[in-house]
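This document starts with one chain, in the form predicted on its own, laid out as structure tokens.
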């Protein structure tokens, strides 16, 4: 019995170790490659080099780093906050307010998840062009505010919200917006944290739609800049790796800072 348990535990840890290595290897290879020259990277060298400072200096020479990160941060943070605000209100409303048309409307919202973004690009571009929003960050944020997945996530999480709190608040004379702001939001803070991590990562790493609507270098985000460096006629892969590391750090920071709340939110924890 002990032998079988030992073998089971060993196999589990071995599997998890292999999975962890496969998950971390791309990031490890990216860090190692950032210290090598482009020729060394192309040749497949896996050892640390001495070109890290040169790659960093070249990246800061080619890219206006403060402007690019400001553009990315502005788009990611504002779009995330607006998405969470709209989606949490919608999820709260779909769960708390009962009507004959509620489930039909909710089903239509979920059906939008089946529409690929490739089918929406041209209509969205025409809408932004007619409203004069091309080459603006507003054009990036508007299509992402009403997220069907985040609405679904908030409604499912709201099912665990104690209805007794809402009933007691109504007895005390609180209005619906006060119940939402002062009771629902604090109780569902882990859900908000998990949604913030998910939406922030999506907006920070957004590539295709910004590539279509942003046409000047002054408005481009970090993902577009790194992509342009990689698609140059003679790309310097050491510089590209530096840009990729810098583009990855904000999402890693957000995730590690909110890791505990993220796990609680994904498990449906309500406090």
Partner chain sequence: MAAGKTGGLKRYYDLNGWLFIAPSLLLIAVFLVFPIFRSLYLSFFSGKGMMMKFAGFGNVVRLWNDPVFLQALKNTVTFFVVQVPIMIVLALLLASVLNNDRLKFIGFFRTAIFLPCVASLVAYSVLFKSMFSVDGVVNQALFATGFIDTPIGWLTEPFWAKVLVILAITWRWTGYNMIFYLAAMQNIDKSIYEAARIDGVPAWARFFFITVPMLKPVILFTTIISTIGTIQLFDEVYNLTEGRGGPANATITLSLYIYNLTFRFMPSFGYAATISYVIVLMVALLSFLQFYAARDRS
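These figures come from a predicted structure and were not determined experimentally. Numbering follows the first chain given and starts at 1.
Below: the form predicted together with the partner chain, not depicted.
*Hey, in the predicted complex, does residue 112 get a heavy atom within 4.5 angstroms of the partner chain?*
Residue 112 belongs to the contact set for the partner chain.
*Can residue 261 be called a contact residue for the partner chain in the predicted complex at 4.5 Å between heavy atoms?*
No, residue 261 stays farther than 4.5 Å from the partner chain in the predicted complex.
*For residue 60, is any heavy atom within 4.5 Å of the partner chain in the predicted complex, or not?*
No, no contact at 4.5 Å.
*Exercise: residue 65 in contact with the partner chain in the predicted complex, heavy atom 4.5 Å*: Residue-level check for residue 65: no, no contact with the partner chain.
*Any chance 29, 126 and 251 all have a heavy atom within 4.5 Å of the partner chain in the predicted complex?*
Every residue of the candidate spot has a heavy atom within 4.5 Å of the partner chain in the predicted complex.
_Which of 187-195, 81-89, 157-165, 68-76 lines the interface with the partner chain in the predicted complex (heavy atom within 4.5 Å)_ = Careful reading of the contacts points to 81-89.
*Determine the residues of 179-213 with a heavy atom within 4.5 Å of the partner chain in the predicted complex and present them in sequence order; the list may be empty.*
Heavy-atom contacts to the partner chain in the predicted complex: 180, 201, 205, 207, 208, 211, 212.
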